[in-house]
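As a starting point, one isolated chain is supplied in structure tokens, in the form predicted alone.
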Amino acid sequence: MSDMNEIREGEVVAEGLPEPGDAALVFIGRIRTPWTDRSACPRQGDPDGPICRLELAPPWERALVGLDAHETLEVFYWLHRSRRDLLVQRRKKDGLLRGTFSLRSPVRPNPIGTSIARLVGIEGSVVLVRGLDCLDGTPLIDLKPERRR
């Protein structure tokens, strides 16, 4: 795997952007996964993948009341190690150039990641799930029961 900040041939970087700042998000905890390197991290979560831990910070434990009634969750997290300035990216799988908004790449102006995860259990302020695709230590933004259509 190449450096996460590498610019591939044909990719376009936005110029003159302000430094990334706090959007007043409140990180409610950290995600613990087995992956410490982007090259080892799965591209999409696997519902039968390893158990990962959503470690909520105090006082968020009380917000988990009733969550155990749901089988699947939407997990929202901040991709804190991603670039934020690419307008055009080269897809790794086929080398085609595409605009950032036409890709599911973690490289985004506001790098918010989402996964549908299977709830395994709740232990105090820790939610155990399967199906994540983020690095160990990723900041947790939110979690919700999966929306049923």
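None of the values given here were measured: they were computed from a predicted structure. Note that residue numbering begins at 1 and tracks the sequence as displayed.
From this point on, the text means the form predicted together with a further copy of the same chain, which you will not see here.
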- Message: Within 4.5 Å, heavy atoms only, which of Pro109, Pro47, Pro34, Pro42 is in contact with a further copy of the same chain in the model of the complex?
- Response: Pro109
- in the model of the complex, Leu56 touching a further copy of the same chain (heavy atom, 4.5 Å): yes
- Query: Is Arg81 close enough to touch a further copy of the same chain in the model of the complex, meaning at least one heavy atom pair within 4.5 Å?
  - Reply: no
- Query: Any of the heavy atoms of His70 lying within 4.5 Å of a further copy of the same chain in the model of the complex?
  - Reply: yes
- Message: in the model of the complex, does Lys92 come within 4.5 Å of a further copy of the same chain, counting heavy atoms only?
- Response: no
- Query: Heavy atom within 4.5 Å of a further copy of the same chain in the model of the complex: which residues of 26-55 qualify?
  - Reply: Val26, Phe27, Ile28, Gln44
